[in-house]
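We begin with a single chain expressed as structure tokens, specifically the form predicted alone.
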């Protein structure tokens, strides 16, 4: 069994052996460093990405450079938007940035329709990916529409901690403000209040969650 097969089986245990063989035969194994932008808004999408290791951040960019975080991609996941674009020759409406060094499989979108028909495990994976991301985006929309900024900040921190599986968040107040579309001063003031309530410990460019 090749190293690539082992990596795919570990990250995607529900994939059939036949599907894994086709992935190996038709795909490219790539690595990306933290900070790399591997998909930009307006770029034509030619491949979908399966994450074997590391973490990607998927977000929308505003005209003034502000970011709207949509979701994170972890090992065993794929970008739902790139799967959707496989049905049409569409450009990306999102940006994908590496948070932690990534090992991934890039699959030509031309294979998507064939695999949907020929591989039940791929069909189930795609449907599950659509549903999971739709529910996650709905949660983000609800958070923005119905919560005050202090609740949004707490939701953001918990979500980030869940994505990285850690309690220490290595982000500056300015980076958080950019993603929440607010000012650094507002974020700093709210974080200070959270510290006073015993919810976090604040360090330089790091927030330790106590929640």
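Positions refer to the first chain, counted from 1. Bear in mind the structure is a predicted one, so any value in this text is a computation, not a measurement.
Below: the form predicted together with the DNA, not depicted.
Segment assignment from 48-56, 142-150, 63-71, 25-33: heavy atom within 4.5 Å of the DNA in the predicted bound form: Of the options, only 142-150 has residues within 4.5 Å of the partner.
Contact test in the predicted bound form: residue 172 vs the DNA, heavy atoms, 4.5 Å: Yes, residue 172 is a contact residue.
Partner contact for residue 168 in the predicted bound form: the DNA, 4.5 angstroms, heavy atom: Result no; residue 168 lies far from the DNA in the predicted bound form.
Close approach of residue 3 to the DNA in the predicted bound form, 4.5 Å, heavy atom: Heavy-atom contact with the DNA at 4.5 Å: absent for residue 3.
Any non-hydrogen atom of residue 41 within 4.5 angstroms of the DNA in the predicted bound form: Although the DNA is absent here, residue 41 would stay clear of it in the predicted bound form, with no heavy atoms inside 4.5 Å.
Heavy atom contacts to the DNA in the predicted bound form at 4.5 Å, residues of 178-194 in sequence order: Going through 178-194 in order - heavy atoms within 4.5 Å of the DNA in the predicted bound form - the hits are 181, 182, 183, 184, 185, 186, 188, 189, 192.
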